[in-house]
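Form predicted alone, single chain, as structure tokens, below.
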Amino acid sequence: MSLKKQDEMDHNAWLKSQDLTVIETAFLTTLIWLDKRLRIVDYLELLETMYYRANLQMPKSHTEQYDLDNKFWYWYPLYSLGSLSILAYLVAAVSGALLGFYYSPSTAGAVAQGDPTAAYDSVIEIMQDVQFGFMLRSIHRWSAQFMVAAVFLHMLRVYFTGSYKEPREVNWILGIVLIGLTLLFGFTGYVLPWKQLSFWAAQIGVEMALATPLVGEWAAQLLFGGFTLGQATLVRMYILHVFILPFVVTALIALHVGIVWVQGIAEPH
């Protein structure tokens, strides 16, 4: 793929003729310098042309069709739920990373004598001994709960406004996957303190996995380390919550937002 020869415009003379601020001049000077060597502007124009050719079939939105001020929909509260869920996710990610410095994913402890496990002890230490630990854990918990609520309401808004219809059905399916992963995020985090509520929540998870047709036993062994709960269960929940789900969810959110950016926000049909 080749590009047409660049024009011979005197960019420096053009810059001097414009009434620009220092920041604008520095930005344009850098862009011109890079463009002369890498032809950035030409490739951006080529990508823009390809984008519009590929999206000729995209239906005009309500605001485009009737020349309305499209900023109205971006500020409408129901249309900010997706952004709010991403913001809550970022807060939960940062607070969770800080909590990870003090958390211990271990079931070690004299269970027979009723002593708490190392995992629960580390949570108590965070809340009682770590500076601002109680606030940090509360921020993590509430941001996670807010994210679940925001994602659920976001899906309702998309459904009842018809924003899932052609050509946005792929992003709708991607959103369904994301809300499922969000719930899995919440479940794995709920198990990590390894207290009574966590233990029996994990037990319910095992029973649900075993009730799955055909792959039930395999799923229980993979996700929970067997049919009974123990150290293997907690380690698997920890690995999912800290090392697998964050990367998968972040990648899917980036793809989801990228598709929205390409297709535009769909107003009510």
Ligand code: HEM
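Each residue number is its position in the shown sequence, starting from 1. Just so you know, these numbers come straight off a predicted model, no measurement behind them.
Quick note: we don't show the form predicted together with protoporphyrin IX containing FE, though the next part is all about it.
Asks: Looking at Thr117, Ser198, Ser85, Thr188 here, can you tell me which has any non-hydrogen atom within 4.5 angstroms of protoporphyrin IX containing FE in the model of the complex?
Replies: So the residue touching protoporphyrin IX containing FE in the model of the complex, by this definition, is Ser85.
Asks: Have a look at Ala92, Ile126, Leu192, Leu178 for me and say which one sits with a heavy atom within 4.5 Å of protoporphyrin IX containing FE in the model of the complex.
Replies: None of the other options qualify; the answer is Leu178.
Asks: Quick one: in the model of the complex, does every one of Val151, Ser163 and Asn171 get a heavy atom within 4.5 Å of protoporphyrin IX containing FE?
Replies: Yes, the whole candidate spot contacts protoporphyrin IX containing FE.
Asks: Does any heavy atom of Leu15 come within 4.5 Å of a heavy atom of protoporphyrin IX containing FE in the model of the complex?
Replies: No.
Asks: Consider Leu184 of the chain shown here, and say whether it contacts protoporphyrin IX containing FE in the model of the complex, taking contact as heavy atoms within 4.5 Å.
Replies: Contact check for Leu184: no, nothing within 4.5 Å of protoporphyrin IX containing FE in the model of the complex.
Asks: Please determine whether Ile139 contacts protoporphyrin IX containing FE in the model of the complex, using a 4.5 Å cut-off between heavy atoms.
Replies: No - in the model of the complex, heavy atoms of Ile139 and protoporphyrin IX containing FE never come within 4.5 Å of each other.
Asks: Answer with yes or no whether Met155 is in contact with protoporphyrin IX containing FE in the model of the complex, where contact means some heavy atom within 4.5 Å.
Replies: Yes, Met155 lies within 4.5 Å of protoporphyrin IX containing FE in the model of the complex.
Asks: Report the stretch among 130 to 138, 117 to 125, 163 to 171, 99 to 107 that approaches protoporphyrin IX containing FE in the model of the complex to within 4.5 Å, counting heavy atoms only.
Replies: Selected range: 163 to 171.
Asks: Taking heavy atoms and a 4.5 Å limit, what residues of 225 to 259 are near protoporphyrin IX containing FE in the model of the complex?
Replies: Heavy-atom contacts to protoporphyrin IX containing FE in the model of the complex: Ile253, His256, Val257.
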